[in-house]
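First, one chain by itself: the form predicted alone, in structure tokens.
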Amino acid sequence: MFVESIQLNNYRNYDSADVTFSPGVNIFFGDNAQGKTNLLEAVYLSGTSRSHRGSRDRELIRFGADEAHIRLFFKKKDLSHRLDFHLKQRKAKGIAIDGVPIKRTSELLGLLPIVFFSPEDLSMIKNGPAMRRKFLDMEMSQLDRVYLQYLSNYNRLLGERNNLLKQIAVFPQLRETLDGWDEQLIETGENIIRKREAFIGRIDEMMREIHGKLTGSQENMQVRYEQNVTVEAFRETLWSRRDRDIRTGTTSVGPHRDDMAFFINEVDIRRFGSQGQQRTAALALKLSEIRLIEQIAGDKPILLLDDVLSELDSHRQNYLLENISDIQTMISCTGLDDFVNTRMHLDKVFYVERGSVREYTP
């Protein structure tokens, strides 16, 4: 699987662009704030329907324009496909797959698996649990449509329950209506917990192996699923905290408060690990993500590296580059010296300047 080309109109700082990729390694270089990340963002959005930066649709539209368009062509199992995105200032975006509009973004996820690796991801281990849950949900949603449905339902039910909690504080007679919402929330939440448990078990196995190679087997890596509540205790705990939830107007228990813990030699590196340990764990996590997609989806993902190589030392750079040689990779950077001098065959190089992309011969 690989992306063949992308066309942009009024997207971020691009008036228009038409880029044809190599199935191998594609390098985008140029000064900062020229549009390199915007281009990778457009590819990521095409596979996931959202910006990796959490930007709203209207923020993706070129200043002064009313709408933006993305058209991406990719090949999967020898068949060519087209994705069209129509971003609007005041309306929901329109998405079409091979010319057929879709009603739900869930129809898109998994069609074009993408792994995005940015400098922010290197901080995933030490940052708060929300970032790790976001990683977990996005990767599982790309690989498991059933999980995506559970997650969508759970978030909807959680929102409804929280709204009801706030109303009960004003209208106590509504308290009896909580039972129905709680039953649905518990059932859906239990399914999410079970699937996360299985997925993190697979991540743990792969990270142990990759981390061992990165460190010469000098450290023992382990990933643990930190459940806010177990399947067995969810019902009783949720009910026991009703009064507290009504007072605060929010649901205090459930998988929306889960986390992943990373241990080296039984030390929690989220809190006590060195920066080197945290970055090595983040790299191992991303490489595990690639392997899982290959195993579960039966195809190789598209890898986007947004100025991340400059944040890694030479040992981690080499290990990363050696392990992505057989998948389509798009790399943004400010200079070409590291690539020209060493280690990597460059299939296509592009120079990006002020929202303009042109091929470049080193």
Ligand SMILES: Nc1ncnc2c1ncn2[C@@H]1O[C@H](COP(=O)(O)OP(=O)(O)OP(=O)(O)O)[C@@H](O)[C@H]1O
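So that there is no doubt, residue numbering starts at 1 and follows the sequence shown. Only a predicted model underlies this, so the values are computations on that prediction, with no experimental measurement involved.
One more form of this protein should be noted, the form predicted in complex with the named molecule, which is absent from this view; the next part is about it.
Trainee: For residue 60, is any heavy atom within 4.5 Å of the named molecule in the predicted bound form, or not?
Mentor: Within the cut-off, so yes.
Trainee: Any of the heavy atoms of residue 34 lying within 4.5 Å of the named molecule in the predicted bound form?
Mentor: Residue 34: yes, in contact with the named molecule in the predicted bound form.
Trainee: Is residue 48 near the named molecule? Define near as a heavy atom within 4.5 Å, in the predicted bound form.
Mentor: Looking in the predicted bound form, residue contacts with the named molecule do not include residue 48, since no heavy atom lies within 4.5 Å.
Trainee: Does the 4.5 Å heavy atom contact test between residue 334 and the named molecule in the predicted bound form come out positive?
Mentor: So residue 334 counts as contacting the named molecule.
Trainee: Choose from 308 to 316, 60 to 68, 292 to 300, 322 to 330 the stretch whose residues reach within 4.5 Å of the named molecule in the predicted bound form, heavy atoms counted.
Mentor: Going through the listed ranges, the match is 60 to 68.
Trainee: Would you mind checking 10 to 30 for residues with a heavy atom within 4.5 Å of the named molecule in the predicted bound form?
Mentor: Contacts from 10 to 30: 12, 13.
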